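Quick heads-up: the structure tokens below are two forms of one chain, split into structure 1 and structure 2.
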Structure 1
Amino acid sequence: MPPSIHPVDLINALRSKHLTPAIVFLTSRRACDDAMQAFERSQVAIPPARQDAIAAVLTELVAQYPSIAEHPLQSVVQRVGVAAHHAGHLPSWKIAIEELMRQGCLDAVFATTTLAAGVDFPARTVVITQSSVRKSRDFTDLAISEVQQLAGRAGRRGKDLVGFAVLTPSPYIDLSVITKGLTGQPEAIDSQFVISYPMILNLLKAHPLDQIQAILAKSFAQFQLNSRAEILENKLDTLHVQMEPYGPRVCTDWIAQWQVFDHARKQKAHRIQVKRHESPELTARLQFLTPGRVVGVPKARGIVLRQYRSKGQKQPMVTLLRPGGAVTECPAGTVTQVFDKTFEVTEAPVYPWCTPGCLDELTHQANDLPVRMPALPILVQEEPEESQIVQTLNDEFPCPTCPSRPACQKDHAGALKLRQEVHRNQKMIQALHTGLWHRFQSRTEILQQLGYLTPTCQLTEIGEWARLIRIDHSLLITELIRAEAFSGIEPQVLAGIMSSIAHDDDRPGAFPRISPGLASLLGQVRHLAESLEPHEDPPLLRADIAAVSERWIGDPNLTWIGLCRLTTMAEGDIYRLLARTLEFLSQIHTLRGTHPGLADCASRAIKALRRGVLEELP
């Protein structure tokens, strides 16, 4: 890896300039842990008085959070006066680090950028080492607001006269992203309103259907849509003013009339021109030479990327992709055969006229073309005589002899453009005003089909209890309950299933074994999740994750350390998994009125889950 500053040197450099305490934002948990290890290996030690101060703060916290006492990093933190703070740690440990930082006991904390929002403690200095963060699977540049979120931790009111944001380069840094972030205005925020199934059920429980549209109209989403619509409405007003000179003429709808006439006229002109320049065979073939079509040219074959007519060449041209990846231009006339085979092409406006991914794909296809392919028979149309066309025009349209013709001819292009724009704007305004409501309606239909709502949008008996499940994957959970998948279930199996539904991280790891009962139930859950896929994204449903909860809840003698040893997950991740499982279980517990057995099982699972570190926090 290209050079970036060694963590011990970094903190020394900051210390020597009186820039501590500092929060150092690093790319990953791993980087934070590596930094701590570097300190562990080093000879660094803070003065005994400061070490004692740290010990005192930690001792005080142990009373409330016993898990701190056993934390393996305790002694290092005490000796070196720096700590790591990231999602891999237990909440209690993070609280300890935050408290140490608040009391000014530490010189630095290594934290991950992704968690900036959860870092609720300031410092004199923040160190930024990257300009992008991992979001789902890709790296994205930090937004201005995110850079300011990081930099905002620098400079403690009442404790610092100035604060510092220091950046130090690493391969992950793009200087311009950071400078823009520091100097720019934060981005405007946008509504992320979605219409979920529990939302529909709860709305319809409390309000009659005819009030719903008005409630949705109160969302920030609709507010923002309205302001977009307003801009379009203003534009529409301007367009109407511009349209004024183009009122009714000899025909009321002269724009449409002229458009049809003009079209017919152009077609005629084209046909005449075609007749002059191109053979009927070529004309007939042209319409098949669209992107993706496989064609034959003398001694070779290729895939059409585009058809064009450039100024220099009078004749129509095609761009072909040949086997081997060469991209060539040739006159359409040289095409000898049109095959009955086309490929998907994602077109692009510039060379190579399709997207890079598409070009890759097509190159493979071009290399693997079957030896024999059926050729398309091309029907050559007999061209009608020129005079005949003129005759038809005169018969069908009043325009050629109309007194308004010169005016129509002159104004038509402008008027038509305006009118099209008016229509486009009207359509968009309409969509902005009714989009949310339509989304609500289409999701409501699904709930009707599944039996949660009556045809008149009242909650059915099922809908009545299903509305209490207000978490992700609610549909899967309520459908499982309806299918009696949980009847007679053991608490640890229920917890295992809830974990596998709740957990949305696909990081691999090593995990304890799953019991056969849980495994077979999970198979059933998977099956149901697949069948619900058109209505709700299926969860990951990882068996290994289910096993972690199953073990913790099923074996009351298992210690936290024991559980951590069973998997490669970080303890912070195990904690979060169990905490989310707890949330899901407590939702199940709200069904005690209608499903007392299941609610009781959930309650027993919760009791078993809430022990050790999971009892330390409310």
Structure 2
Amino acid sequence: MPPSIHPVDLINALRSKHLTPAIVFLTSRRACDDAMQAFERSQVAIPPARQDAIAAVLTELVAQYPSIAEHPLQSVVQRVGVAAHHAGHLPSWKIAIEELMRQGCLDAVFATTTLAAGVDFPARTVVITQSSVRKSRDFTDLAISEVQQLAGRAGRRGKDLVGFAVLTPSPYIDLSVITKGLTGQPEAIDSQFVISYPMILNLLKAHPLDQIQAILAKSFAQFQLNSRAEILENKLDTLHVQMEPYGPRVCTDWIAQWQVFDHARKQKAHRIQVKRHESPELTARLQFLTPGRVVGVPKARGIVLRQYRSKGQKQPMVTLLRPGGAVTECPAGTVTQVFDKTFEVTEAPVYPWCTPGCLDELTHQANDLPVRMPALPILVQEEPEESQIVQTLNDEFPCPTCPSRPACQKDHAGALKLRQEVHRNQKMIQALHTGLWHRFQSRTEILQQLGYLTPTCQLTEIGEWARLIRIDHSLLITELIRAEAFSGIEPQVLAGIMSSIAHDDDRPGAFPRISPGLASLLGQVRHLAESLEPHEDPPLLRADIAAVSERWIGDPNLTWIGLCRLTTMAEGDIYRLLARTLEFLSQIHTLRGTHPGLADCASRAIKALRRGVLEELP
């Protein structure tokens, strides 16, 4: 693969072929910044008349967004007619670039793929230099919808008769991925509907409990669950047809009768049986841990290659294929989630339990698993009492003298496998139809245990004000308020705590030091978050991130440029952190009626936060 085309040469070639304005999609923010540095070092310049037009647009925008006047890239953009646009820039600067592009002042914009789905300013040409995108610190192939989003930016309505999508040679491009993206059908849309604690409180505030299930049934999430159930129902019909040859015999339920008889016969032959004491949760999950199933284990995910129980082992085991190609063994009890996603597996009797070609394909699929996948709702049913099983085994069987015995013995293995598949599909169908409602019920029970709801699902006094906190990690925040953790708190400390709760990026970097008071309170927050972990995923609670907001509020004389120099975070990331902190503080400010002191502290923190760059946008 030849090296990437130099940015200056690329734009010159596009200009010579009248393919500007163009959007050049690069692999990362750094690649966009490096491209701008290449233009800064070059002697390229656009005609003075165009430079004056760019300067005029920027001058108009400076009146509304003063931070644009101090942006270090302003002079370069004005001289070369090319700009960069990515999440590391301030919103005001990105607005300026978008306006310059709309008015036809720029020849090209270097951008990351997030631009394709986030902003509406098409160009005559889009240049695709990559076939993968960075997600969670790793690169994955672009999805079909992402490729089509990139190519869809080509062509300006009312200005271009045709748009151009150009692929450039690059070490980061796989033409098969791009071809599939341009010719394939977009991926299906998956509902991201989450039953949150504030949603439950507000639903029960507006509607009686007996109406909630009908409301949930009208959601897009339940529609998708019903669609998946319909596929399984068709499969169930096929299984019923396959079961017809194993129809009624002498016994009403000859499959179960033979299974019990065979088990009793083996016991009488003194065959050693391994005692199994799985929990109902594990027992319910085992039947779904079939080859090809995507599951979650602590801090990882994988694809099941087999489920087994070796001689002498007291617990069922699974063989997992993890991202990266590692094949590992682990107890089935360590599986934390079972996802509604399966792959075809060509099984083999020896390690790695599937054919080499299948293993390669599964490894590729394991590396490309989406960040979010729908979990399979599994209904837990209590197992029958051991005494009942023992009593059943002590019964007398007609099997030794039954005329159907040879046929039962011959057909039992196949019939039992089909029966188990029928039961598995029936349980999955039931779980899909009722899973959303069960999730609502389970979270409602938690709110009742914590005192937000009465046993009759009426909002308590606590629930009345807790429903106003409609943000991520709402349960942690309301429990902190109930524990009076914020009593007598200073605005900068409150803002620091809200920043640490709001921030969800674990990228390392350099940050200012945290004050002892904030560090002590953050320790209490961590302790409470750990106690709530069974009910709500805890936030990262990074102390270094909390220090950024604390410093910005605690030092009124600190300038935006000064704050940016205290950390290695990009200024766009700092802006989003503080804007998210403002959102969390504004939620606390709504508690004026029940917690006036805390609401006043939040109000002072909001006022101190909204200065400089943060005043430019609503």
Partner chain sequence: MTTEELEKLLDEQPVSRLHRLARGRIHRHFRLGKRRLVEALLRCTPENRPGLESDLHALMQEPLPAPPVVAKERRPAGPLPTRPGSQRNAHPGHAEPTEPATDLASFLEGIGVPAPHPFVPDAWQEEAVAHLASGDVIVSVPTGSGKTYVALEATRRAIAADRTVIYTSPLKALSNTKFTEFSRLFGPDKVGILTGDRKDNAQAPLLIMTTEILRNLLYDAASGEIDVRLDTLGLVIMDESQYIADPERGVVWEETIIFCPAQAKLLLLSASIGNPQDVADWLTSIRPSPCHLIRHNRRTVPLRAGYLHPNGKLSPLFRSVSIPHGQGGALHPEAKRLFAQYEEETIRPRSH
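Throughout, rigid core stands for the largest set of C-alpha atoms superposing within 1.5 Å between the two forms. Everything numeric in this text was worked out from a predicted model, so none of it was measured. For numbering, take structure 1's sequence and count from 1.
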item	value
Number assigned to the form predicted together with its partner chain in this pair	1
Rigid core superposed: Gln430 CA moves 2 Å or more between structures 1 and 2	yes
Core fit, then His412 C-alpha moves 2 Å or more between structures 1 and 2	yes
Core-aligned C-alpha movement of Ala510 between structures 1 and 2 reaching 2 Å	no
Cα shift between structures 1 and 2 at Arg285, which is computed once both forms share a superposed rigid core (Å)	27.9
Shift in Å of the Gln185 Cα between structures 1 and 2 [rigid core superposition]	3.1
